[in-house]
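Quick heads-up: it's one chain on its own, the form predicted alone, in structure tokens.
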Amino acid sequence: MAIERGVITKHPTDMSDAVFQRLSTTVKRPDILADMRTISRNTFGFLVRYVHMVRYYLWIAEQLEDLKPGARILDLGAGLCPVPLWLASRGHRLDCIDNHPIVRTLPPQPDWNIWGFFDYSQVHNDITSIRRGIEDCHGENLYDIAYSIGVLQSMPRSQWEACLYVTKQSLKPGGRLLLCVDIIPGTDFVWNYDGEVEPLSEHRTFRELETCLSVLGYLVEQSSLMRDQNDSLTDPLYIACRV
């Protein structure tokens, strides 16, 4: 939401009420969806209008809902996302890593979207934001959980491979990695933003991503590719791993 001359207006990035209500009837946990909307609107002024991104939020939340309070969690490429705040509200401590060149400083602005570096410590004491490349995040056995929502596909292959290697070193034994990745519809290729990142032959396929995870020592426990999603510009891929 935004205020112009004393009148409350809808943020241009906000999901419409009609789409939100339709989505609410199709998800397993409409209560979590409502929480995400409230958190996101109150913090950033919008809940992103892209349905597949919101489904990613819900999947991460459902995977971690039963996590005991006090877990240490790493968000890889956080951007502007309600998930860190939802997790912090449940008693967890988070580090959010993001090196986006745009810095978002409160209050929310009409040109905000989900991309940019946001210092979450402005709104929650249990979240630390680190402006650094994910592949440069060095730590050992620090985190119980690491997750990434729609970020890996925006990196060249060599960079996301480095990211996955460093993340494994940062997880405690038995720790979990959750990935949400966009796949080009009807193909096996990881989305490359219409060639903006690198050629498809270099960006590789989701099967090669799974192979990379296995080679690095992750145990892939779930890999679900959702085809023919009418409300998504891409084919969403959900991967859950353990170390």
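All figures in this text were calculated on a predicted structure; none of them were measured in a lab. Heads up: residue numbers just count along the shown sequence, starting at 1.
The next section is about a form of this same protein that is not shown, the form predicted in complex with a small molecule.
A single residue from the set Ile127, Ile97, Ile73, Leu171 has any heavy atom within 4.5 angstroms of the small molecule in the predicted bound form; that residue is Ile97. Only one of Ile149, Leu85, Ile145, Val166 comes within 4.5 Å of the small molecule in the predicted bound form through a heavy atom, and that residue is Ile149. For the marked spot (Cys81, Ile114 and Gln159), a heavy atom within 4.5 Å of the small molecule in the predicted bound form is present in each of the three residues. Here the chain stands by itself, but in the predicted bound form one stretch of 49-57, 200-208, 22-30, 213-221, 49-57, has heavy atoms within 4.5 Å of the small molecule. Looking at Gly133, you'd find a heavy atom of it within 4.5 angstroms of the small molecule in the predicted bound form.
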